[in-house]
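Next up is one chain by itself, shown in structure tokens, the form predicted alone.
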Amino acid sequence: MNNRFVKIVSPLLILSATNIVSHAVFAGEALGYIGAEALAFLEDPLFPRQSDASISLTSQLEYFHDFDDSNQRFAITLFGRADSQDDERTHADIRELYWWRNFHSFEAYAGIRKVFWGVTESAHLVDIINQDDSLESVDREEKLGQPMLQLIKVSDWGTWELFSLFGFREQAFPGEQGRLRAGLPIDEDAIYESSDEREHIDFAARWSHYFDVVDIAVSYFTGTSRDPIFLPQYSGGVPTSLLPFYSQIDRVGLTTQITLGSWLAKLEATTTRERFAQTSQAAVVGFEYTLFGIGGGESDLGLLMEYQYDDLKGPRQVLSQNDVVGGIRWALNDIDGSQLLFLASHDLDYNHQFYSLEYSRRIFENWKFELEAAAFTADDPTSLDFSLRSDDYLRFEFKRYF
């Protein structure tokens, strides 16, 4: 955690702690888990020093306390992982550490938070507030905590949100011993378009509302892009590493979800302006259809299909530039909370496929089992996922909740 981040976190921590201490009431609710993970790769590694398997220990602690007749809240969520193989994957993060207050005419959050925007399943184009925790997942579902001030106003014309985001957080990437990484090492010292670098203050706004069966949201972000551009670094004419470059962007986002009985139609779309590049567009559009009470039982089966488009080219190109994704979501609705999600993606440009399976259920009263599997097919050296072609894996994790 860099010094700038610590400097930002400390005043927010003091502010939150002062509010709690001033009320002299420490009763709250604490929960969390400790977990053990086994990660096994099914093929030999492509690069030296990479391993075939690893084990790691994880822990997450959450605490929140409501006071002032439930008009104020202090909350904290801490996460950490210790990995047996990749030193970079051994990390800790403050996911959330905030003070919330209801001022009746509006609400305010101050501190570190996670905020999710999005409606589609395969990609979340508009979800830009938090940085990806690339050490925890390749599907961009896990996020780092973001220091912020957030104001929320609920009215008859929708919900209005304003954000000031303090202290940029860089992506962290697997080390040389880790799998699921690029073929070249990524430099630790990133460069920025803004002279303020990590100290740049970003701003965002969002309006959301619903009209009968339609849920809609429009968002705006201006500041440092969460996605770095990787610039090859050369020695003797040979590329030796990748240097992350974080540009300044303005992004307008739109999400729409339409509910028609068992059908859900979904859309996420963005327009992004970058100072030294052309304005780009991206979208994910699709549907989900749910079969309720399969076979007369309690389980539900969801069928989904989505199309991903992004017109970025060259060093800015992303994986989901022209892909079709299909999948199933099976919720057993049993006492153990069993659920399964399977996705299959086909890249129409490179004829590559990606498959993922996630299954989880509770075992015993306080234990949970998670299974994750992923497979990559990539034979075009010019594609972004070519370095992942031997990284098919199985992940097992047991969590003990308390």
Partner chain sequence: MKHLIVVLCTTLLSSICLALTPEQRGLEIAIEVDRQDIGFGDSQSNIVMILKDKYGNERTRQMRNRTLEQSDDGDKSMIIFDSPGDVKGTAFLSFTHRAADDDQWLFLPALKRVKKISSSNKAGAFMSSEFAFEDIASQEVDKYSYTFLRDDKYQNTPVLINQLQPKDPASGYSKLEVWVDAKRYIPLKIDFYNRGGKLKKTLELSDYSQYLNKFWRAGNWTMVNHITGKSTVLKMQDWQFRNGFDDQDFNKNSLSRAK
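Positions refer to the first chain, counted from 1. Computed from a predicted structure; not experimentally measured.
A second form of this protein, the form predicted in complex with its partner chain, is not displayed here; the remarks below concern that form.
Relative to its partner chain in the predicted bound form, residues D52, R226 and Y246 are all farther than 4.5 Å at every heavy atom.
Stretch 92-100 is the answer when you ask which of 271-279, 92-100, 308-316, 246-254 has residues with heavy atoms within 4.5 Å of its partner chain in the predicted bound form. Residue contact check for D349: none of its heavy atoms lie within 4.5 Å of its partner chain in the predicted bound form. Not displayed here, its partner chain is approached by E107 to within 4.5 Å at the level of heavy atoms in the predicted bound form.
Remark: D44 does not count among the residues lining its partner chain in the predicted bound form, judged by a heavy atom distance of 4.5 Å or less. Taking the partner from the other structure, its partner chain in the predicted bound form has a heavy atom within 4.5 Å of a heavy atom of G261.
None of D133, E288, D86, D323 but one reaches within 4.5 angstroms of its partner chain in the predicted bound form through a heavy atom, and that residue is E288.
Checked against its partner chain in the predicted bound form, the residues A38, L371, I34, L31 give one hit for a heavy atom within 4.5 Å, which is L31.
Contacts to its partner chain in the predicted bound form (heavy atom within 4.5 Å) from stretch 353-390: R362, F364, E365, N366, K368.
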